[in-house]
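Only one chain is given next, in structure tokens, and it is the form predicted alone.
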Amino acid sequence: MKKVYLETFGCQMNVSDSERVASVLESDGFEITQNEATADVILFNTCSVRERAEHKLYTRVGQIRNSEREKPVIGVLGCVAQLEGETLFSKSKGIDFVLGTKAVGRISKIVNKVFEGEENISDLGEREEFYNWSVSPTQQHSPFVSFVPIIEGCNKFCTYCIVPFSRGREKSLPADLIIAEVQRLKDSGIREVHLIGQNVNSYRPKSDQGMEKFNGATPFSRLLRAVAATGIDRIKFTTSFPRDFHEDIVDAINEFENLCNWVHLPVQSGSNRILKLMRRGHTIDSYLRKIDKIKSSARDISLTTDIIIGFPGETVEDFEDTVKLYEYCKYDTAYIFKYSPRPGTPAFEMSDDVSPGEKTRRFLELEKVQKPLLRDSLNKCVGKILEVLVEKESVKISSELSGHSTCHKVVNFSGDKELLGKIVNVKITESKSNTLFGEIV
């Protein structure tokens, strides 16, 4: 039995794809191993959103190629594979095959071809209609939390983003299949599902089958209600696109307790001028109206975002607008990134005129704004009782457990490992950096 080691870079969609790749390989007689040194096949599921993630691939291939062990079969999957194709064979010596984002269902056939002696195999083709996207229980990233893709690809073409080219156009999965998958996961013991996609609220299936009985202003808000009706304990969703975020999504969260009180709504910039250059399709006024709706919820919805610092043409005034927006929204946290030019995007042709030093200065300045707001957000939880899904034992303290609240905050507390997989009430007694601490009540 050939052993396969799979390493994943990037977003939840990549983690989800890796789970399915591992499930396919396992069903076809391969053994999935966590020990790279003994693997006959090493797979890298790659990310191309930022330059650093792409360079990590070349570094890892070089490490394996230059090691003293007998060379394993090396395959590249994911977004870098889709974009670079056969050029990867010359860019990084040692790669045996390249598999695009939609060809992962053919992974076993490709690996077998390499063992049969075929060289430099590239498959960037379309996904088979019969591709099984369910995950084997042994290959899930968590025994209690599952990712459920509801939409693939992106039609937005933001000027900085490579995703429409690496993932293709938006394609919504049928609602009845999604609902059936959530029901299956619930029946198997999964406590929480994450509905995922590049833009989940852009969900537009070809038919209403599976959602006929549910009201909603958009197909996505109808899907939320339909999934909530399965009775699974928790439902989270990410990532939302501001232009397509309808107020009815908040109404659905208010109606169903198992729709978690957390929204991730990437703004990217607080400047209307920069948003236009980014081709985001929303203005600050329209974005803030959605924020106000979220903030008005009685469920105290946690709010997170993404922000790009130093986009081409960003002035000090543009950056100050981002700071003002952050202070208004009071995000629970934000993922802040320095702009990274990606070949093939419209922004790549723009002058990257914000110096690396200035990008770092602005990054650190926004972090200074972020830290006290994050601290305030965590401190507000002290004294409250939060429902926590117990997900794992602490790495550092054997008697300590860790999990996430419905508002997606990490909570640590003392408890027996028999609580793993259960949802418990934890009274928060202390907050530190990014984590809450408490005791079971």
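These numbers were taken from a predicted model, which means no experiment stands behind them. All residue numbers refer to positions in the sequence shown, first residue = 1.
The same protein also exists as the form predicted in complex with a small molecule; that form is not shown, yet it is the one meant from here on.
Between 335-343, 319-327, 286-294, 73-81, the stretch whose residues reach within 4.5 angstroms of the small molecule in the predicted bound form through a non-hydrogen atom is 335-343. Between the small molecule and the residues Val41, Cys381, Leu401, Val49, the one pair within 4.5 Å by heavy atoms in the predicted bound form involves Val49. Checked against the small molecule in the predicted bound form, the residues Phe97, Tyr203, Tyr331, Tyr160 give one hit for a heavy atom within 4.5 Å, which is Tyr160. Contact annotation for Ile308: at least one heavy atom lies within 4.5 Å of the small molecule in the predicted bound form.
At a distance threshold of 4.5 angstroms between non-hydrogen atoms, Pro174 is out of contact with the small molecule in the predicted bound form. Though the partner is left out of this view, Pro266 does reach within 4.5 Å of the small molecule in the predicted bound form, counting heavy atoms only.
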